[in-house]
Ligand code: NDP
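Just the one chain here, the form predicted on its own, laid out as structure tokens.
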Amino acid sequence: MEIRVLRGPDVRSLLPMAECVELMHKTMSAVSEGRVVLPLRSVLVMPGELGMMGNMPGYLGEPECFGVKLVSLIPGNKPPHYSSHLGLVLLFEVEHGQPVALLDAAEITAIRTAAASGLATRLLAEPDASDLAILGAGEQARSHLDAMLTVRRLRRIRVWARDSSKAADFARSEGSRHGVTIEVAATPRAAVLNADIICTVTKAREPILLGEWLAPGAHLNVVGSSIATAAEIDTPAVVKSRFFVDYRGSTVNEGGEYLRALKAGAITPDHILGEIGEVANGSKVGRVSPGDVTLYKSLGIAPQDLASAHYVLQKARAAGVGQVIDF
């Protein structure tokens, strides 16, 4: 039995953002068409403020494979030394159930999460949307900038972070890497003023973005909060948006922004208009008019990891990349 081990740099070189956006189009369509098996993730919460470990198993029908992502979430981790999400994706083949690959989960998570937001932006944002605001300046901010540049031609980019020096570092380093100018905003409100694409990628447990600040026609990718007790945007922002999700089953259990609005009586369950895969396959309508505020709530699901892992594995085999261990 052979297992191919693929480190972060291997994943990064074999999974370009543009290719991953296309991969997410196929994957999210498969999710919404029921061609996956997708249990809710389980989370081990460690004592005190130490952190958590997530267990995300799943089966993907095309390409056929199954596996699991095990990932730690340690709030005190500071990139680039340690990602906030560290772990492994273990991929199995279905004929005999043999494990075939072990991949760095941090890099897969960073790329596939932003690629799914890129897909949502391509499907939901106005075609000429070009003013980007990023709230947060960490790993997902960097990957989301990659994704937004992949799906839209941007004329203006602003970033905000609680730590202004971190935002300044992001603006300098990412601006140089992409050959663009990135402005540092003093407040979230200043960052999103008249923005037509907004990505929230923070660790905030309470809203940092208010609905009253949103311009008509804006599209939001709400990414940072992944548990039921945290929310990056307030209830009025949820109410005024055409609300789409990665997977309905996850959102009704873990989507903090949705659950707060529901508990407050501000929305009903019908406020979830569909999964992004339903927009991708044409079974649901995304944006109806130019003035719509559209929203994609990302929680992250195992089929995204499995599809990415399988894609990387096939390219790695063809290129002879990675370390092959014979068990």
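Predicted model, so just to flag it, every value in this text is computed and none were measured. One-based numbering along the sequence shown.
The form predicted in complex with the ligand exists for this protein as well; it is not shown, and the discussion that follows is about that form.
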### Message
So in the model of the complex, is the ligand close enough to R112 to count as touching (4.5 Å, heavy atoms)?
### Response
yes
### Task
Spell out, yes or no, whether the shortest heavy atom distance between G256 and the ligand in the model of the complex is within 4.5 Å.
no
### Message
Even though the partner isn't displayed, in the model of the complex is R242 close enough to the ligand, meaning a heavy atom within 4.5 Å?
### Response
no
### Query
Though only this chain appears here, would G136 touch the ligand in the model of the complex if you measure heavy atom gaps against 4.5 Å?
yes
## Note on the structure
Partner contact check in the model of the complex: of 92-100, 189-197, 121-129, 155-163, the stretch with a heavy atom within 4.5 Å of the ligand is 155-163
### Task
Tell me, out of T202, T235, T150, T251, which residue has a non-hydrogen atom within 4.5 angstroms of the ligand in the model of the complex.
T202
### Summary
Contact with the ligand in the model of the complex, heavy atom within 4.5 Å, among I208, A185, I182, L214 goes to I208
### Query
Looking in the model of the complex, is the ligand within 4.5 Å of a heavy atom from each of G8, G87 and S308?
no
